[in-house]
Each structure stands twice: as C-alpha cells, then as structure tokens.
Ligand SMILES: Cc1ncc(C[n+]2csc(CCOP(=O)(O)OP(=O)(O)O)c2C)c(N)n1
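Just one chain follows, in the form predicted on its own, and it is written as structure tokens.
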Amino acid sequence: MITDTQRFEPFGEEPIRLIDESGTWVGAFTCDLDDDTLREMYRHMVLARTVDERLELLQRTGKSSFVAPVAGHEAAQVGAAHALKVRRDWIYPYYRDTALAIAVGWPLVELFGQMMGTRADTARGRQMPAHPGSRELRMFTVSSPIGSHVPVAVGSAIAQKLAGGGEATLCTFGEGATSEGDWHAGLNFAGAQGAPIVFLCENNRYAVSVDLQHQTGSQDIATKAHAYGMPGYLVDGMDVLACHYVMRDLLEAARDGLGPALVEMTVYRYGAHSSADDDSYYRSEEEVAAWRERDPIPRYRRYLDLRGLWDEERERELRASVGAEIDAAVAAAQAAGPVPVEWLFEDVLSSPTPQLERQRERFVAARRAAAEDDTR
C-alpha cells in the first residue's frame, strides 16, 4: 500500500499537479491508468460540461426552476469519482456535484427527471433541482443547508469502521461550508474517532458572492486539517489526474484504517453561483476569462493528444454521441410526465395512519371540486 508520505506530502505550499498547462506529465511516478480509463475520464468531463449547458437552457425555458453550474469543477469531481469503489463506498455530495454523480453512474434520465421534477425522478419530485441522490449508488441525497451533511457523513463513516467492511466515505462541499459550525464539528469528530472518510473541498473562491479572503484567516482550507489531527492536501483542481491520484491514495488509506484526510482542490466556477445569482456584481469579466485559459477539459485533452489517445475524429464522435445521449435522456424524462400532487401522501409512513388517509381524501376532493369549477 502507498501511504500519504510516499506519493504525496501533506500541507504543501503549492498545489499538487501531475500534468501542466500544456498537457505534459510532470509527476514523479508513471501514470498506471489504462488507455480506456483515461479516455473514459475525458468522456465524463465532456458529458458533464454538455449536461451543464443543457440544464441552463432548460432553466431559461421554464422547464427547471434552478441550476447550480458545474463548469470548471469537472476535473475535481471526475478525478474523485474514478477513485471510488462505486456501490461499496458511500458518497455525501453537495449541490454542484453534477459531474461526480454522472461519473459514478447516475442515469441521465434520472438526473434530468430530478431537475425537471418528473416521474423519472426517484425522489418523486420532493427535492429542489440540483439535489442528486441514489440508494443504488450509495449516494446520499444532497441537503440544502450548507455543511449540514458533514456530521451525517462522519456518522456513516464511523458506522463503516465499526462494521469492519473495509469501506470508505467521500464527503464533498464548497469552501463556503467551512465557515459553518457543522463542518468543524464533523471534522473534529472524524479526527477523534479515526473515521474512514475523505473530505473534499472544491474551492472555487466564492461562497455565492463572498470571496475566500472574507471567509477565513487561514492561508488555505487544507491547513485547517492540522486542528483535527488529520493530513491536509492542496491539489490543483483543474488537473484531473492529480485529483484522481490523491483521492485514490487517500480513499485506499481510509479503507485500510488509517483515518480521515482533508483535500482542498482549487477550482473555478465559470458560471454564476446559481441561476438566482448575478456574478457580475462581485467579479470581473477579465477574471473569469483568465481562469477560462486554465479550463480543465482542453488541458486534459492536450495530455491525451500527447499520448496518442485522442484526435479530432474521436472528438467529433464524442460530441455527437454525448449530444444524442442527452437528447434521449431529456426526452425520456419529459415523457415520464409530471409528478402527481397526490404523491405527497405516499412514502410518508410505511403504513398510512387514519389521519393521513383522511387528509388525502379531503385533498383529492378539494382538487376535484376545483377542477369542476374551472369547467363551468
């Protein structure tokens, strides 16, 4: 087993990177990922970016009420996803983790069903958009209150430790969550109990409109790990391979009983915080343009080109197949139809109480009466 001190040193002053801006491998070890895996990671990044663009269009045309853009975070999320043992490890994501959810296998029809609140949504239309969850994938449904899932993830990880199954938990969040009391309580508990969990901070520098300098007095997020008795790693979040290898080592160490770790991946969101945000009030177009020069997708494409794993023909085929896949998923999610309001009364209790049944009957009767009034 490779420990944290053999491949990557914690608390480094510079972000860990394995490929530079030109796509050249600069790591001190040899990449051992097979060609198919390397290409699949690129496919997931492109798919996530294209899904992001389609979700924005759906929101602007009134088919979805909310979007949390993922563009700029793809390398961090896809790299982490490919380090997980899917359906064995547990995942506690946050609302911007579209690429993570896609890369671990969340079906696109369920993704679009969740975003549009149709019958294709396994949550039955009960969550606001951008809140993925999957029982089959062991992906805990996203919670809206910032940082509130962190203590829950730690509890899950401690349960894994007690069960002795050799599993790990991944808990992700933005840097804004580190200003919440739940975050500090969760990390303290994890450190004290040696929980098999890796905390992943996707630091895009803005908690909505508040920049990092107004969130914390520390030089970065990774250094906060000192206080909780765990290693902290600063990673170039625009480098998918650095993200993957760091997470792979740390998740394996967690499974082997070496305890928790905190990883900060420096990313940038190209879109606004959400569809309800106007980012022009707090950052300049020049700043966004400068970060677009570091876009993780073309950067990784250059790496694949240099290895002879990609070319323009593969790119055209990928873009066409991704577009067709998204078109089919959106059509299927829409065809599933809207969620019936009566579903509000289902799945509340394993066996409905008489009171709940009476409420449902009154509700159905009131809707029927309102429909009759509309036809008069």
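We number the residues from 1 along the sequence you see. All of these numbers come straight from a predicted model, not from anything done at the bench.
Below: the form predicted in complex with this ligand, not depicted.
Remark: S144 counts among the residues lining this ligand in the model of the complex, judged by a heavy atom distance of 4.5 Å or less. Looking at V109, you'd find every heavy atom of it more than 4.5 angstroms from this ligand in the model of the complex.
Although the partner is absent here, A261 lies well away from this ligand in the model of the complex, with no heavy atom inside 4.5 Å. Heavy atoms of A207 reach within 4.5 Å of this ligand in the model of the complex, making it an interface residue. Contact with this ligand, judged by heavy atoms within 4.5 Å in the model of the complex, is confined among 168-176, 298-306, 230-238, 98-106 to 168-176. This chain lacks the partner; the member of H273, R119, R248, R138 within 4.5 angstroms of this ligand in the model of the complex by a non-hydrogen atom is H273. A heavy atom within 4.5 Å of this ligand in the model of the complex is found for one listed residue only; from Y268, W183, Y94, W90, this is Y94.
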